[in-house]
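Before any questions on how it binds or moves, here is one chain, the form predicted on its own, in structure tokens.
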């Protein structure tokens, strides 16, 4: 068995509300659907992207850059989907 595939993306939090509980929960739910491990890194802090408690510990405010790292059999797909979700969830979009 060879080395596990890895992928990495950098996302900037664009919402004035930052990465608050609702988008964090959606991110964790989606991350948990992948076999790969998911980590989020802000500065020196690395958290498990599949743990709501840890993701909220990031306290990611508007303008924060977060590095998304995945490792496992579906790492590239996970990174693509989760980066898109995180960018979309934290953009300034009106809700109805």
Partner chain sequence: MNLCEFMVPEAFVPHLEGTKRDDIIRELVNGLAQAGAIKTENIEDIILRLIDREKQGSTGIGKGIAVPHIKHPSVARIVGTIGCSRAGVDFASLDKAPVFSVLLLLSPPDNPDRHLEAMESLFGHLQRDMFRKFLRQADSRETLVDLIQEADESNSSPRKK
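Nothing here was measured: the structure is a model prediction, and the numbers come from that model. Residue numbers count along the first chain shown, from 1.
One more form of this protein exists, namely the form predicted in complex with its partner chain; it is left out here, but the text below deals with it.
For a residue to qualify, one of its non-hydrogen atoms must sit within 4.5 Å of its partner chain in the predicted complex; none of 30, 39 and 87 qualifies. Within 4.5 Å of some heavy atom of its partner chain in the predicted complex lies at least one heavy atom of residue 60. In the predicted complex, no heavy atom of residue 9 sits within 4.5 Å of its partner chain. Interface membership of residue 18, defined by any non-hydrogen atom within 4.5 Å of its partner chain in the predicted complex, is confirmed. Mapping the unseen interface onto this chain, residue 69 falls outside it, with no heavy atom inside 4.5 Å of its partner chain in the predicted complex. For the partner-free chain shown, 25, 29, 45, 52, 53, 54, 56, 57, 59, 60 of 25-60 come within 4.5 angstroms of its partner chain in the predicted complex, judged by any non-hydrogen atom.
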